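Same chain, two versions here, written out as structure tokens and called structure 1 and structure 2.
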Structure 1
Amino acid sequence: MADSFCPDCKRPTEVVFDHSAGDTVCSECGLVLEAHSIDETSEWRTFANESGDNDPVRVGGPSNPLLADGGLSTVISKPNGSSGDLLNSSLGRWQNRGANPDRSLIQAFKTIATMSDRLGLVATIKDRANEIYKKVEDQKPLRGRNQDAILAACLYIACRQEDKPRTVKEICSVANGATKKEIGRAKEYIVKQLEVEMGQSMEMGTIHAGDFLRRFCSHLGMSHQAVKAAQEAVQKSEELDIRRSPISIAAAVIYIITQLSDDKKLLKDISLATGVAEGTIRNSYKDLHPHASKLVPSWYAKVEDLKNLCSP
């Protein structure tokens, strides 16, 4: 139902769109205003479990501005049954000439997509990582490095830029074959490149223990009270003179909070959820223990409970 000017009635009238014939008809006098309108919605619905040879969809995916030609793709396919060697025919060979300038880009984007899927990242982070990779791709000093490390570093930077940082160890776990050191070096290099290209608009704040706390707590299945207590404790810990990585501090705080509650988590579980080694959590606990009374909020645990906290 819309309002349009009808030439016969000489005034704006209510207009009906008839989908079956593709006509726009005036409801007062019946005059057809527009015929044969083109339907731009999807032709077929695609389901995940259906595929195979009989896929009637004639369009490709959404256009990707990062690729050279917008991701247009038409391929010569193998004909059904009959002669299977038609791919060796001239047309088939022509298709696979391999001069596609985007091939490495597409491959890289696919890898980034796989990694971000495993981490459960939103599409914004994945797209940002793709953009970053496009900016730094194919530069000479990068060629020597591990390709996986570069992609992992792009993902790491994208997470940081969106204020949802992931620890390097987490990125390591989904990147195949890239060590923490390699990712770190690739990250430094990419950041330098981006600053040169974009003129110092790189806004990547330092990581804080609090950024990761929420995620670690939900991996461990802590109660809501415990999560809140842990967040408060971590805020207070930033004032203290503790010379440890923020991740280790987060892990130690989680240990303290869970020891004080009924639902005690094993060092092993915390180590698995945070990626911090058990020995490191123990050492960080040694550093934090003297300040436990300052860290743990008073509504969560009483002073006597703190005394029960085992001394490391």
Structure 2
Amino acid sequence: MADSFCPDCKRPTEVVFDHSAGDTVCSECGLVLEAHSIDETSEWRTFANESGDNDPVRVGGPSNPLLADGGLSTVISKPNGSSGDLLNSSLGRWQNRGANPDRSLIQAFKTIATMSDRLGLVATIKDRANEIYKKVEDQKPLRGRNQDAILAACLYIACRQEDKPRTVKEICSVANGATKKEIGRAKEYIVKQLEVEMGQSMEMGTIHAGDFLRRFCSHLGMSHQAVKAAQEAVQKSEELDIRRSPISIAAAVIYIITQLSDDKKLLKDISLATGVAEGTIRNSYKDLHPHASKLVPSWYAKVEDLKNLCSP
């Protein structure tokens, strides 16, 4: 209850709000001070057909500009949750007769969303992958090609363009069985098709070792100081002429930094966390070892400590 001025009582009195009628009533004389008021508070009534469904949501999903109908088409639900009655109903038969032109697109977008969730990617990358797939699908049908590899390649390109690259092995781990070779071929095909559409070379974004470093360090459970030292070492490595892939350089830098710390990591553990073969890490370490004094920050390790590094 709250206080409000009552014209009959000629003074402020306590009022009662009748929620069913929307009336504000004086508690002393019973005068209706306000009728049919609008309740602006949240309403959590369930509008579901089934009694067991307690979902209070009354709105659909957001519109999708990549779909012909914006993703807001009407779907006839199954009565009482059964499958047989729908096929017998006239409305269900009419719905099945009408072919949805976006059915394949919707399924592709769902698969991309699942892959993105498993990799922990942000929504902007997922949306970019959807756009890439829609462009390729509009330009040339993808029948006969490995659909999972195409979708994985779209996600790989989207990560590159959004400056959040993932390794091919990471993409392959969520690609529903598509191999690295198939994803690589699909990526080349998509890039070629989009370059034909745009009439110019496609910008993929530059990959740096630092793009992968923090994630790799997190997988290994490295300390904050070790991660900071590894980041500085990776930045300095870009000034050197090391002809190795950024992923291999990141793995080799992690190996150097961990060997100088109390919490040393085995080469096989680094290989497992980074997806880089042990032999590749050794070869990259061999290239970086002569420059260890320039790469490792002085606050992290002294010159005497660097001499204790194992010879490549």
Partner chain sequence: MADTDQVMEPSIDNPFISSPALHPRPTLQNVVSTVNFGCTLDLKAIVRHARNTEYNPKRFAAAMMRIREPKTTALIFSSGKIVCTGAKTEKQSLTAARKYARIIQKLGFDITFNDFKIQNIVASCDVGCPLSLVRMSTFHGEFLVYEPELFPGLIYRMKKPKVAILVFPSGKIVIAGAQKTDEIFEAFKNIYPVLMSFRKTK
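Whichever C-alpha set is largest while still superposing within 1.5 Å between the two forms counts as the rigid core. Computed from a predicted structure; not experimentally measured. Residue numbering: structure 1 sequence, from 1.
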Answer check: the form predicted in complex with the partner chain matches structure 1
So that I can tell if residue 26 moves, could you say whether its C-alpha shifts by at least 2 Å between the two structures after the core superposition?
yes
Residue 237 C-alpha relocation of at least 2 Å between the two structures, rigid core basis
no
Is the C-alpha displacement of residue 126 equal to or greater than 2 Å between the two structures once the rigid core has been superposed?
yes
Once both forms share the same rigid core frame, by what distance in Å has the CA of residue 190 shifted between the two structures?
2.4
